[in-house]
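In structure tokens, the next block holds one chain alone, the form predicted alone.
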């Protein structure tokens, strides 16, 4: 499998695997793709620094990337105390009442939880960039920085390019993609409606060729949203993409240990394995921006009559941080709060990353051979 991006990054397959798990990201890179580590869960620069050091030691010298959450327009954040004061009491009461009704136990000692919250703040995302660039200079393995909230600020693009790091940004519409190109972004990730996490309103089959045509030959496009097989990879390449960006596909990888409390599938993985392609919803309850999530009792509660409207980012993150921590400890697959794309219906087993990639490549080859017979 060879495209412009396999040559640019020195990888075997144009498979870009986004994941919050360093174990999965490293395994993707070792298996010939490009693992991309999601940084939003790291509240402290020191945490990310330690994980990136581990990545260097466990990727066999192969390239990998990082993913940040940073809007191009710098927001006025204020302190966390200021942000907390902006959360309406009725929203807090709803969350507490809902957790009690769902039987979600409190955390031991009810300690304050910030995990995965501060990473949404612009200042913390900047520290992620600083740490990543330091590692890029030191080791040369970090080859990509991707942004989930549009084009990153100009100075972030500049410093990335100075350190030999390509910049990618997600786009859910044609105007988003054109803005990325104008801003100096190197790769556009066309994220279709079917995708997990933050996603727009245009389906992948429509969006991928539209963005390919819009940005022209000078800017490669990665197809994202609903990719979970080699056949879909072949479709993406046929529609003009130079590779695929996959996230949900790796959530049931054997190497995915986040949220695990022992041997066997974690509570989140149990929920994913039981889900069909119809068991997701697109809501603002996770971060304040539209994101596709696994449909559970938690999402149902926010859809029920009398539920409050979600708050804007980052207030919604702060509102639900403690709830997400409690839910992750509840050991109840019916309540989990987890971004997931519609491709979740294909996640039917816990499988090592190497086997997942081998299956993608085999299916891709079969699909291309089948298409070749039609010419």
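This structure is a prediction, so every number in the text was calculated from the model and none was measured. Residue numbers count along the first chain shown, from 1.
This protein has a second form, the form predicted in complex with another copy of the chain, left out of what is shown; the following refers to that one.
**Q** So if I measure heavy atom distances to another copy of the chain in the predicted bound form, which of the stretches 237-245, 250-258, 90-98, 138-146 falls within 4.5 Å?
**A** Heavy-atom contact with the partner occurs in 237-245.
**Q** Between 291, 301, 173, 215, only one gets a heavy atom within 4.5 angstroms of another copy of the chain in the predicted bound form; which residue is that?
**A** None of the others qualify; the residue that does is 173.
**Q** Counting non-hydrogen atoms within 4.5 angstroms of another copy of the chain in the predicted bound form, say which of 328, 317, 29, 342 makes the cut.
**A** Exactly one residue meets the criterion: 342.
**Q** Honest question, do 44, 50 and 312 all end up within 4.5 Å of another copy of the chain in the predicted bound form by heavy atom distance?
**A** Not a single residue of the candidate spot has a heavy atom within 4.5 Å of another copy of the chain in the predicted bound form.
**Q** Flag residue 162 as yes or no: does it have a non-hydrogen atom within 4.5 angstroms of any non-hydrogen atom of another copy of the chain in the predicted bound form?
**A** Residue-level check for residue 162: no, no contact with another copy of the chain.
**Q** So, in the predicted bound form, is residue 364 in contact with another copy of the chain at a 4.5 angstroms heavy atom limit?
**A** Because a heavy atom of residue 364 falls inside 4.5 Å of another copy of the chain in the predicted bound form, the answer is yes.
**Q** Verify the contact flag for residue 202: yes if a non-hydrogen atom of it lies within 4.5 Å of a non-hydrogen atom of another copy of the chain in the predicted bound form, no if not.
**A** The answer is yes: residue 202 has a heavy atom within 4.5 Å of another copy of the chain.
**Q** Just checking whether residue 232 would be counted as a contact of another copy of the chain in the predicted bound form - the rule being heavy atoms within 4.5 angstroms.
**A** Yes.
**Q** What residues in 1-25 sit within 4.5 Å of another copy of the chain in the predicted bound form, counting heavy atoms only?
**A** Contacts from 1-25: 1, 2, 3.
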